[in-house]
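For reference, the chain that follows is the form predicted alone, supplied as structure tokens.
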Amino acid sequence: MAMAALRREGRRLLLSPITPNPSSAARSAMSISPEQSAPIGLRSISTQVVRNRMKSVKNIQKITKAMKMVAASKLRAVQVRTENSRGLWQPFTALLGDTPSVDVKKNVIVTITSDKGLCGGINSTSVKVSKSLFKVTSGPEKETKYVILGEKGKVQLIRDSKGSIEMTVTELQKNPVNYTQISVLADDILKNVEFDALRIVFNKFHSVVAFIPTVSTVLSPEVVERESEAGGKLGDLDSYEIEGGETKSEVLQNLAEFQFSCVLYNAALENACSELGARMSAMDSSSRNAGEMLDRLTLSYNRTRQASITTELIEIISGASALTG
């Protein structure tokens, strides 16, 4: 055993001078294993990072496509209900009129937004219109308050208009919007908020990729009667005679309450329909952007991997040439 070990050691010592002054590439190849080489390790980390990024982008793309499909499935049903609801408030507009330029002392801006995000700039548009309307209706002897429907509008308006917010309502769209729910909400607003004019700000649905910021005005019975007595004709109301023993004030009170609930119901449906259309468009754009990013990452991954393979081949060939030369 000892003699065999000595013979092996002597054979190693005799063979070692055969390769005088090996090149630096050969020395590095013989002395450092591929697992311990820093450049190869860095390349492996680089490809792993790109691979993880590609996996994340693929997962995001799956989520955006799923959200687009969900919004598309909900849009059709809401769109039909929205188109049917437009026939509720149009007779009131013909009867009482819609006078956004009326000058009153107490204005209440009812801003309708969504509870969820990822739907483009639909909520920002409603907030911008509300802020502009707040500046127009404010004055030394005037009072303007906000009634906010939706979490997104609440978050944006509470930053600089916290003292002007009279009432907030969230999770309105947790369940499908129905007239019973909206009528209870409208009655709650009328009981808790003093107003001369209610200005409802919402996004009217035009198409899947377009919505129109809209403001509807509902006047209080006192203002309607005052404007009518002052000679200003509000719709076709003055063309009808009141029968049944009710006074004009009582009729206007009932009409104003019913008008507000109908307009609010239509506005909530219009905004919900616009939200789904905007979410479809936003998720479609996100899916396309994710696909483009995935293409760029795939190209980068292939280039990095090819460069790593080429470098390793060059090192192997250089080491083999140094050993045989």
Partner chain sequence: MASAAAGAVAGAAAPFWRAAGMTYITYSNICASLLRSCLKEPYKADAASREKVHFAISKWAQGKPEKPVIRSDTPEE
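Positions refer to the first chain, counted from 1. Here the structure is a predicted model, which is why all the values come from computation and not from measurement.
Although it is not shown, the form predicted in complex with the partner chain is what the next lines describe.
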Touches the partner chain in the model of the complex: Ser261 (any heavy atom, 4.5 Å): yes
Glu171, heavy atom within 4.5 angstroms of the partner chain in the model of the complex: yes
Contact label in the model of the complex: Gln90 to the partner chain, heavy atom within 4.5 Å: no
Non-hydrogen atom contact Ile122 with the partner chain in the model of the complex at 4.5 angstroms: no
Which of 178 to 186, 135 to 143, 198 to 206, 211 to 219 sits within 4.5 Å of the partner chain in the model of the complex, heavy atom basis: 178 to 186
Non-hydrogen atom within 4.5 angstroms of the partner chain in the model of the complex for each of Lys162, Ile165 and Gln253: yes
Heavy atom within 4.5 Å of the partner chain in the model of the complex - residue from Arg76, Arg86, Lys191, Lys116: Lys191
Contact assignment for the partner chain in the model of the complex, among Ala72, Val104, Ile158, Leu95, heavy atom within 4.5 Å: Ile158
Neighbours of the partner chain in the model of the complex among 114 to 151 [non-hydrogen atom within 4.5 angstroms]: none
